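Given as C-alpha cells, the chain that follows is alone and in the form predicted on its own.
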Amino acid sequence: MQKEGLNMVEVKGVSKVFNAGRPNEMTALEDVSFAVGEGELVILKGPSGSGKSTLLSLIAALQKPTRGEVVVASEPVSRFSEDFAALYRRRKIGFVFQKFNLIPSLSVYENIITPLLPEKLDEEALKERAQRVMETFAIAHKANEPARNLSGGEQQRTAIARALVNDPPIILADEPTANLDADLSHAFLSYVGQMKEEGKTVIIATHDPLFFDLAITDREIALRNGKMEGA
C-alpha cells in the first residue's frame, strides 16, 4: 500500500516507442502510470524485456517518453533539456547500474567522487563525503585500490557508495544482483535497508525472486511486455 504524503516520483500515462514508424518499431512501455511516495521502497518486477530498465531510464531523465510525463519532486523531468537533465541527475538521482560501471584504472576513492566533480568542491569536502559513504558500505580500507583489482562484492559496495555520495533523495537500481552470487545478493538487501533507513526513495528493477514479498518493501509493481499487471 502506498504511504500517505508527498509523491516523490509520478509516472503519468507513459509510453516509450523505439524506432517509431520503422519496420523495427518496438513498444517498450505502454500507458504506464504509478506514483512512489517519499521514502518508499518499490520493486519493479517482471521478466527480461518487460520494460523495467526503460522505465528507470525515463525516471532518471536519460531518455524521454514518447507519450506521457514523468514528474519528480514536482518537477516535469521528462521535459528537461539535456543540461537541466544532467543537473537533475547529479542533484536528485543515485543510480546503481547492473554492471557497476566503475572506471577500472581509477581507485575506489576516485570512482566514488566522480559524481561530485562538477560541484567544484575543495579536496577536504570531497574526502569528507567520500569517507562517510566508504565507511557506511565497508569499503574505506580499499580507498586507494584500483577498481580493476576489486572482488565482486567490493565493486558492488563501491558502486553503491558512488550512488550515495551526493546524498541524493532517490536511488534507482537496475538488476543490482544480476552479476552476484547468493551471499552478495543478500548483502545488497542489507544495504537497501540502510538506504531506506536514511529516508531515501528507492526503486529497484529486478526479476530476482529474492526481492519479492520483502518486509521492508512498500509495494511491488509488475510489468509484462511493457504494460502494468498490478501495483
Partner chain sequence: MKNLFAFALGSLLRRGAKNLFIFVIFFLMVFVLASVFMVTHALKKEMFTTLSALPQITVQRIVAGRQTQIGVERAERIARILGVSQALPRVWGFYYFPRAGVNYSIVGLESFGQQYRADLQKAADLYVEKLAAEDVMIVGPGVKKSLAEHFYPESFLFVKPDGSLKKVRIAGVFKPQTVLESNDLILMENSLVREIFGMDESMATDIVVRVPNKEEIPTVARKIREIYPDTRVITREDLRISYQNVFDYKSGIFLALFIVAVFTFFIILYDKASGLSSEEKREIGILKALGWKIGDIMRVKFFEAAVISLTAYLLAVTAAVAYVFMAQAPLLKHLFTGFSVLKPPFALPFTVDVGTLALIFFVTVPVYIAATLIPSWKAATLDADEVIR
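This structure is a prediction, so every number in the text was calculated from the model and none was measured. Positions refer to the first chain, counted from 1.
What comes next is about the form predicted in complex with the partner chain, which is not displayed.
Checklist entry - the partner chain isn't shown here, but in the predicted complex, which of 195 to 203, 180 to 188, 35 to 43, 54 to 62 has heavy atoms within 4.5 Å of it? => result Every other range fails; the passing one is 54 to 62.
Next on the checklist: Is L102 near the partner chain? Define near as a heavy atom within 4.5 Å, in the predicted complex.
Outcome noted: The answer is yes: L102 has a heavy atom within 4.5 Å of the partner chain.
Item to check | Contact label in the predicted complex: N149 to the partner chain, heavy atom within 4.5 Å | outcome: Because no heavy atom of N149 falls inside 4.5 Å of the partner chain in the predicted complex, the answer is no.
Checklist entry - Can L126 be called a contact residue for the partner chain in the predicted complex at 4.5 Å between heavy atoms? => result Flag for L126 set to yes.
Next on the checklist: When the contact criterion is heavy atoms within 4.5 Å, does A143 count as touching the partner chain in the predicted complex?
Outcome noted: The answer is no: A143 has no heavy atom within 4.5 Å of the partner chain.
Next on the checklist: Do any residues of 73 to 99 have a non-hydrogen atom within 4.5 angstroms of the partner chain in the predicted complex? If so, which ones, in sequence order?
Outcome noted: Stretch hits, in order: E82, D83, A86, L87, R89, R90, F95, F97, Q98.
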